[in-house]
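Quick heads-up: it's one chain on its own, the form predicted on its own, in structure tokens.
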Amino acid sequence: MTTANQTILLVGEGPLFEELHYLMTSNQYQVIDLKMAETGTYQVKLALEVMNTDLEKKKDSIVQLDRLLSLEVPIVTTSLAITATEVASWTKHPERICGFGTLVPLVERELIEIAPALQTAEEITPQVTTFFTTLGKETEVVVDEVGLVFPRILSLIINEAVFAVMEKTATAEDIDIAMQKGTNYPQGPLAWADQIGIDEIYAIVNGIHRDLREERYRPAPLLRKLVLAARTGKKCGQGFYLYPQEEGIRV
């Protein structure tokens, strides 16, 4: 489906930002950034904010979007590390905020989860659903909880796998082999973490623990250490494995 003469304001960084940018331009959307939007020469259809790992930067971006855009423009925000309801509380016009969630690579994701905030106006959710449909994705409306459904469950599986590495249950490679062959996963959870980004997984698990305050959601300390060491996976060349050689490393 083509969408000529439609302008989307995309804010954020990282692999999800890059893949959404490519997907939207491939579907004939015009994609602009905040600096371009501030010129006032573009008629923005929808704003998309995709920051998970830095909540202060996320808040600054959302506040700018809320100040800059006309009231009829929906602001769609990733609600993996924080609920859309909390994001909406940062704004003067919370009724136009709507959450969504997915994980990279987008080419492997048929579904986008949509999570309206408690403040989201009734007419916003259908607009968001239609937008993602034009990108060739199925949509599912879910309850606004940190991590949503697929990202939450996968992140917690990865977190448990990281605890298994810490406890020397097996090596990272052996854990991935066991899970891939034992459950028919497309890949092992630790290789999956490297592909998605260890910083993204840590942000989701930490957000769940922060929101629900239950011990069972406690992030594995090794996840935090890897983030602090900038060993966040495939995008930086090192995580649970080395890239591009893909040689297993002991952690």
Partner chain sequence: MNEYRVGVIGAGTMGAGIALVCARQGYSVKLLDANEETLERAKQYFHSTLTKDVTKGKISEEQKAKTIQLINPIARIEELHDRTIIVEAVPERLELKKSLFQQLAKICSEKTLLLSNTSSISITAIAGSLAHPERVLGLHFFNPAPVMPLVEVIRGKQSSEENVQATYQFAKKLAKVPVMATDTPGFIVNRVARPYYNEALRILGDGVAEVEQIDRIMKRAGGFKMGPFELQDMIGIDINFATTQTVFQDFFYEGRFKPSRIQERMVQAGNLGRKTGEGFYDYS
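Computed from a prediction, not measured in an experiment: that's the story for all the values here. Positions refer to the first chain, counted from 1.
Not pictured, yet referred to below: the form predicted in complex with the partner chain.
Colleague: Which listed residue (I175, A117, I82, V128) meets the criterion of a heavy atom within 4.5 Å of the partner chain in the model of the complex?
Modeller: By the 4.5 Å heavy-atom cutoff, the listed residue in contact is I175.
Colleague: Of I124, V87, V76, A164, which one comes within 4.5 Å of the partner chain in the model of the complex, counting heavy atoms only?
Modeller: Selected option: A164.
Colleague: Tell me the stretch among 214-222, 34-42, 61-69, 196-204 that has any heavy atom within 4.5 angstroms of the partner chain in the model of the complex.
Modeller: The contacting stretch is 214-222.
Colleague: Can you work out whether T139 and the partner chain are in contact in the model of the complex, taking contact to mean some heavy atom pair no more than 4.5 Å apart?
Modeller: Looking in the model of the complex, residue contacts with the partner chain include T139, since a heavy atom lies within 4.5 Å.
Colleague: In the model of the complex, is there a heavy atom of the partner chain that lies within 4.5 Å of any heavy atom of T169, even though the partner is absent here?
Modeller: Output for T169 is yes: heavy atoms within 4.5 Å of the partner chain.
Colleague: Could you tell me if C98 has a non-hydrogen atom within 4.5 Å of the partner chain in the model of the complex?
Modeller: C98 lies outside the contact set for the partner chain.
Colleague: My question is simply whether K92 lines the interface with the partner chain in the model of the complex - judged by any non-hydrogen atom within 4.5 Å.
Modeller: Flag for K92 set to no.
Colleague: Are all three residues Q6, L20 and M51 in contact with the partner chain in the model of the complex, where contact means a non-hydrogen atom within 4.5 Å?
Modeller: Checking in the model of the complex: none of Q6, L20 and M51 is within 4.5 Å of the partner chain.
Colleague: Pull the contact list for 103-121: residues with a heavy atom within 4.5 Å of the partner chain in the model of the complex, in sequence order.
Modeller: If the 4.5 Å heavy-atom criterion is applied to the partner chain in the model of the complex, 103-121 yields E108, R109, E110, L111, E113.
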